[in-house]
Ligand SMILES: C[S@@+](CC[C@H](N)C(=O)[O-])C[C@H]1O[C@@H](n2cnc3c(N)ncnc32)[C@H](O)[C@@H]1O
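Only one chain is given next, in structure tokens, and it is the form predicted on its own.
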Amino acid sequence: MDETVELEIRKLGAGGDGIADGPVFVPRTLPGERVRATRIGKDRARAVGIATKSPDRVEPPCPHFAQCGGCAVQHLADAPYVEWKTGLLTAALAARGLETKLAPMLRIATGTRRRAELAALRTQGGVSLGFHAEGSSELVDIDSCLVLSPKIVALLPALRAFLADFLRPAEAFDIHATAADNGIDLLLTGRSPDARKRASLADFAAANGIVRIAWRREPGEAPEILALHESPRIAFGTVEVIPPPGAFLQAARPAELAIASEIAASVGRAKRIVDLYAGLGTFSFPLTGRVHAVEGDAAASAAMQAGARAGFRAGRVTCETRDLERRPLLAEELDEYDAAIFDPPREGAREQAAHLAASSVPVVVAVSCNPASFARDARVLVDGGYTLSRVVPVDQFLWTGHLELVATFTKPKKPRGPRY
């Protein structure tokens, strides 16, 4: 029999869980609350009743919040929510001995997330389609989502009905959905469909505004295109790019535009710019200087190069496929540029940051979705002579412990030596 205990919640953790002494993590609780909870393992518990409620507790706006693991803090009032979320960044910087005044957090509206990692499971009662429960493999069937683009939400009923025939009993699929500029782009991950079911994908796509459906057996495999109504397109500035299936995009277009605007203001009139971890050219293409964009993923880099060829005169944006973890740009290579941008994965840019720190690039702009790895890399840059002059938190991942940010570092430009 599960043990029921009474706990006092002391603080809100980085993931949005309330934390009691122990520590014991209790999802959907708030500091100052006394709760009755069922222990789940050594350091987790599930609240089954609240004896004392926090004055900061509000009614969650989503009917799925109690079960769905997508959001963590819909029950927290707005002002303490902002304080908690910006505090994640302040704490990460302080842990590395860095202090700076944060710009006001940019708030991204609901209904703007254009990509989603959905899961589907064929059950005896039909198809469950949605997100996993918090800390569990259990699938929560959803019919609405306040965070997602209405275009993706509108597809859910038709997708659920289609999967009822497409999936075998007890079969599960993962579904990466992207709201491209011209329609929905889907990447399915699971068992190989037979010839009949492959053929049915084309009809389903045509009937539901889906521009492309790709499939792979498991993550990491090269996807196969099974249905193509037209190529999905994403615009970055004046350039349209055809993303490979499942390609990384900034989660919300308003956040992308806000970050791009901040980058443009920081680099100013820089004539030569290097964009590291450039992805599809998200931040390269809107800039006005000459940009050298470097990306390690071959498919993303190829898509970016195709966009550059179609959108610019030769040389305006040049592209290089290069693994920056194994072969970062060296300080002497970076010294040729007036500004550098880097937007690494969540793990950060440990190797590349060291070479940036040793360079004489006068302006470095960092974009990150992980305050902890950003703070680590920022410490390296500051130790290399850079000043952390501006940090802007961006609430791109609503009601979660994830925080996007854009930061600017500056260093006096070393004069070039004489040329003989």
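For clarity, every value in this text was computed on a predicted model and none was experimentally measured. Numbers follow the displayed sequence, beginning with 1.
Although not depicted, the form predicted in complex with the named molecule is the subject of the following passage.
Practice item. Find out whether any non-hydrogen atom of Q250 is located within 4.5 angstroms of the named molecule in the predicted complex, and reply yes or no. Key: Yes, Q250 is a contact residue.
Check your understanding: Taking 4.5 angstroms as the cut-off for heavy atoms, does L324 touch the named molecule in the predicted complex?
Key -> Looking in the predicted complex, residue contacts with the named molecule include L324, since a heavy atom lies within 4.5 Å.
Exercise for review: Considering only heavy atoms, tell me if D297 and the named molecule come within 4.5 Å of each other in the predicted complex.
Suggested key: Yes, D297 is a contact residue.
Check your understanding: Would P345 sit within 4.5 Å of the named molecule in the predicted complex, counting heavy atoms only?
Key -> So P345 counts as contacting the named molecule.
Review point. Among 273 to 281, 217 to 225, 154 to 162, 104 to 112, which stretch has residues whose heavy atoms lie within 4.5 Å of the named molecule in the predicted complex?
Key: Partner-contacting stretch among the options: 273 to 281.
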